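Alright, here's a single protein chain in two forms, structure 1 and structure 2, each given by itself as structure tokens.
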Structure 1
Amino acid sequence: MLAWLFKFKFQLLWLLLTAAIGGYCYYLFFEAEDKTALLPGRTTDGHHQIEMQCTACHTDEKKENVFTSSGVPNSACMNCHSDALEKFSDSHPVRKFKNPENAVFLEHIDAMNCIACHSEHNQKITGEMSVTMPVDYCAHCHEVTLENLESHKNLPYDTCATAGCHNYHDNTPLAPSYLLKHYGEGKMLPNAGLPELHNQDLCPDPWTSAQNCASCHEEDMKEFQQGKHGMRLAFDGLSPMTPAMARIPMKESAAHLQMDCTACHQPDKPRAFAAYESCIQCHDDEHTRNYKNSPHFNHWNADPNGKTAVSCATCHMPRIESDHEGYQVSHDNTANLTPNEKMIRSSCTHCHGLQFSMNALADPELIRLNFDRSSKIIHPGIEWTADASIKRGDEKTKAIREFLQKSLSNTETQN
């Protein structure tokens, strides 16, 4: 018997190895809840929650008479992102490159297809905003900017998308017209305060049961499913997100909590609970922990319903203009998260001047400390824009510049 086993040992080892691999594959395909081993590479932070819902991106839509089972058509991306691109006025829509005058730019970058810049499962080349293009991609089309603008001549090509000045899809927070409109504003605005919400008393406070929220809050539910908190609910067969799935620090005690409406809007608790306490029950990063040391928290702690009471939700789920009337809370918790300059218009400038807001969001250390002081960094964007405008003969901007310089001189003299 031993001689027989020795004679066929390699065959036996092969059979045992085949059986082991087969058993593992069966378990992985049909039994295991975690199937990430099937992925060709790590999924980006924006999509990892739905990474096992392959058909969310890999559809059977035909593209140039070829099925895209190994690729992703634009329609798959737009199913989730079209509303955001429309709402924030996409700076580089596909229709721009359908214009024959812009066709020459397609020689450098295939700007007609989302996955030309955002390809998944490529961790080694994936940068901020899940961009998989080299960081100097802006220069392919905008090299003339570096040649014509005095302020940009000494800037490296890789700073276009990383210096907090430009965002490929939404540049409205830092557009030159917006910067000039708010040139010269101080730290705090004279009318600082949050806009009043429309129909804020629609639900009782507190409420007593987990009602079907979508029956009254259809738009809120749709927004919720566009953000990281609720995106899994937009796909059949996926359970709600839990803090255990997150890639940022979370409290172990909250690992099992399911992110649906009642995770934040808990029965028998006031709406204010959803703006702060519900956040800290899960999040455990430095930015969150440092909130209690900030002036924002002092205002919130003094009066959660006050006009200048700034909670987690004030910044990350801001009050935006409603399509119907007044203002409403945006339930898409990632709409203004990255790049962070998107927060300027939706959150910061309800209370603060534009320059002060830009300085704060350009300071990584200040963000980590949750804005416990003024920024030590001066964002040059407004001054650069003002310089260019004055050179073009803008007398209004010139007058503001002279007033600011005079005020600064008087302050230095007094000190």
Structure 2
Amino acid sequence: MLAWLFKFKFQLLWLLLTAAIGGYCYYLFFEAEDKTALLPGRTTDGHHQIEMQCTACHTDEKKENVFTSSGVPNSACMNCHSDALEKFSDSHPVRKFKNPENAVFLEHIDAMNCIACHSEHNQKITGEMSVTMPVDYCAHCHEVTLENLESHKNLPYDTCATAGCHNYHDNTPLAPSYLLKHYGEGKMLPNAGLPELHNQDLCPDPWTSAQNCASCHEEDMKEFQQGKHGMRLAFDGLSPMTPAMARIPMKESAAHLQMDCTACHQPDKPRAFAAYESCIQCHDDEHTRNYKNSPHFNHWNADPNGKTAVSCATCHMPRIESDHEGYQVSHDNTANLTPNEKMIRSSCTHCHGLQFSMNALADPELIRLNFDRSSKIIHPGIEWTADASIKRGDEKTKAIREFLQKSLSNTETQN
């Protein structure tokens, strides 16, 4: 027997190895709950929640290339992102580049394909906003503007999209006319306060499940599924997101909680639970931990129903103008998160002046400390725009500048 085993040792070894590999593959494909070993590389932070739903991106449309990122058609991206792109009037939609005269630009960036800038499973080259393109990409087409715009001359090409000013898709936050309109505003606005919500009727039904909520709150549910909390619910067969799945610091005690409507909205809990307590019970980063030391929380603590009471939800689930009537809470918790200047219009400037808000969001240390003081950084965007406008003969902006300079001079004299 031993002699026989010895004689066929290589064949036996081969058989054993084959069986082991086959068994492992069987286990991986059909039994294992964690199938991440099948991934060709780490997914981006925006997609990791649905990384095992391969067909979400690798749809039938370009099946011949399913094992490469080129196998992902734009339509797969648009299935989830089209509403958001439509909402803020995407400044670089694919159709903008279809005219053949754009060939001069497409030589540098294949702007007709989402994956030209957002390729997946490429951790080493993935940066902010899941961009896998070197960050000086704006300059390929807009170099001529940088050269001609007085305020932008000599700015490094990689700062367009990284200095908190411009964004390839949603370029509305800091549009020049908006900056000018709010030139000269102070720390607090005279009419500081959140807009009233349109419909605040209490829900008459028992709050039991996401499906139950969706029967009335269809749009809220749709928005929720576009954010990182709810995106798994948009796919059949995926369980709700839990803190255990997150890549950012979470409390172990909350690891098992499921992110559906009732994670934040519970009938027997006060409004504060949905507003900030539900966030704090899971999130364990410095920004969250410092919330209760912040002036924002002091306002909440003084009067939770006050117009200037600020909770986590005030900034991260802002009150936005509804398509129908009045204001409603946005349930897409990711929509104004990155780049953070998107938060300026939807949240900060309900209470704070624009310059103060821009300064704050340009200060990473201040964000970490949850805005426990004013920013030490001064964002130059508004002054640049004012310079250009004064040069054009804008008397109103000139008068505001003179007033600001006089006020500053008076303060310095008093000090």
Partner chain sequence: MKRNYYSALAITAAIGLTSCKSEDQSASASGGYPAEQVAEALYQVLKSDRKVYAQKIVNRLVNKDKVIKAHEEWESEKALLLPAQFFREGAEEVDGIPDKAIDFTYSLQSKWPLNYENAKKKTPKVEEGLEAVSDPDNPLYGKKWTGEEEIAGKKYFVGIYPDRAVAPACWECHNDHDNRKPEYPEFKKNDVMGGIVIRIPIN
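Small disclaimer: the values here were computed from a predicted structure and weren't measured. So that the term is clear: the rigid core is the largest set of C-alpha atoms that superpose within 1.5 Å between two forms. Counting starts at 1 and follows the sequence of structure 1.
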Selected structure - the one that is the form predicted on its own: 1
Exceeds or equals 2 Å, Cα of Lys98 between structure 1 and structure 2, core fit: yes
Between structure 1 and structure 2, C-alpha offset at Leu15 (rigid core aligned, Å): 2.3
